[in-house]
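Only one chain comes next, encoded as structure tokens, the form predicted alone.
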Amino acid sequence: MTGRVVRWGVVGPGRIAENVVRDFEFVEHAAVTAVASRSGARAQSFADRHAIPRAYGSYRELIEADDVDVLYIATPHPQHHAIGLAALQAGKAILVEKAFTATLAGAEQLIAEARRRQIFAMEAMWTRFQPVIAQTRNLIAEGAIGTVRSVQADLGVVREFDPSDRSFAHELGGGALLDLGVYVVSFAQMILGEPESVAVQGSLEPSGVDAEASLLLGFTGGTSATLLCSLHSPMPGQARIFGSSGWIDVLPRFHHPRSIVLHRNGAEPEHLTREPTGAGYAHELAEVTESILDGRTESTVMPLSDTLTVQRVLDQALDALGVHFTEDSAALEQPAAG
């Protein structure tokens, strides 16, 4: 590893970015040098809290800055496409919060641009980088539970409907699937690959976004995944991977777990714990930083092909429920809300 420092810019200083930026202290060869919001005051406040040198009152200013190598994009889902595209066109690498985009077409275009320009791009699916998830994947590869036959996962919260809340706003890509369903679908895809069929049952909010969804994914050879997500049910947030000779419980909450329980057929359960570094975001930040320093354009842990598969499943499920989003093509030009 060289002595070079990868310079990061934060686009969208919201709740998630607040948590993510704190983990940079655990990442070598990385520094947050700038932050941008459509509100200059909000950007400056974020910069002051986290000792970030520069704050910009527009996304475009940050995208055009000469002293930033990679952008962490944490705006609402429909804004990811336009911001990410502009960043790639400016030669900047991108780490994009999940869901990667609001539409499958948007994801396809963004990924095509990254590949055409040979610039690093990755979806910020931190689950895949948790140490105990890496251990889980190794156990499966070693045959600890035999041949995987099915996956179960659930993720639910309880929120009162509020049309002004981003979680329920159609124009901001609200709803259960893009916020919570992306985790359960990505988990199943990580284990089983690309599904051949997607069946869904769910309900809608008064604003037209999905309130909850139950998915049944079918895979080659008869394997399956049963997945639940909801904005109105306090689900445990657990996942299970069933094999021909055992199963693995990924203990709550599975999208950033610390412990798993390995059940080998006929043996006592094995409790395995691996603590994450910091709050758990440091691992994906390190992946991006090291990839850029090494000249890689994709992550092998969270490849763009996996992101496309997950986005395709979400798109099919949303379409079946009658929910259709559009990308926010004016995301770079809009004034701050409120």
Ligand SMILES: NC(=O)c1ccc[n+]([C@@H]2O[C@H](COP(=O)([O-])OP(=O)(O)OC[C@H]3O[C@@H](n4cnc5c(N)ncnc54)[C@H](OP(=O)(O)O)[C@@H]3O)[C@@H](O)[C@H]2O)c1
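The model shown is predicted, which means the values in this text are computed figures rather than measured ones. Residues carry their position along the shown sequence, with the first being 1.
Just so it is clear, the following notes concern the form predicted together with this ligand, a form of the same protein that is not shown.
Novice: Report the residue, out of Trp126, Phe120, Trp247, Phe187, that has at least one non-hydrogen atom within 4.5 angstroms of this ligand in the model of the complex.
Specialist: Filtering the options by heavy-atom distance leaves Trp126.
Novice: Only one of these stretches, 191 to 199, 207 to 215, 239 to 247, 69 to 77, has heavy atoms within 4.5 Å of this ligand in the model of the complex; which one is it?
Specialist: Selected range: 69 to 77.
Novice: At the 4.5 Å heavy atom threshold, is Lys92 in contact with this ligand in the model of the complex?
Specialist: It does not: once this ligand is placed as it appears in the model of the complex, Lys92 has no heavy atom within 4.5 Å of it.
Novice: State yes or no: in the model of the complex, is some non-hydrogen atom of His81 no more than 4.5 angstroms from a non-hydrogen atom of this ligand?
Specialist: Heavy-atom contact with this ligand at 4.5 Å: absent for His81.
Novice: So in the model of the complex, does any heavy atom of Ser299 sit within 4.5 Å of this ligand?
Specialist: Judged by the heavy-atom cut-off of 4.5 Å, Ser299 is well away from this ligand in the model of the complex.
Novice: Should Ala99 be classed as touching this ligand in the model of the complex when contacts are defined as heavy atoms within 4.5 Å?
Specialist: Yes, contact at 4.5 Å.
Novice: Please determine whether each residue of Gly14, Leu172 and Asp179 possesses a non-hydrogen atom within 4.5 angstroms of this ligand in the model of the complex.
Specialist: Yes: Gly14, Leu172 and Asp179 each sit within 4.5 Å of this ligand in the model of the complex.
Novice: Using a 4.5 Å cut-off on heavy atoms, what residues in 234 to 261 are near this ligand in the model of the complex?
Specialist: Residues within 4.5 Å: none in this stretch.
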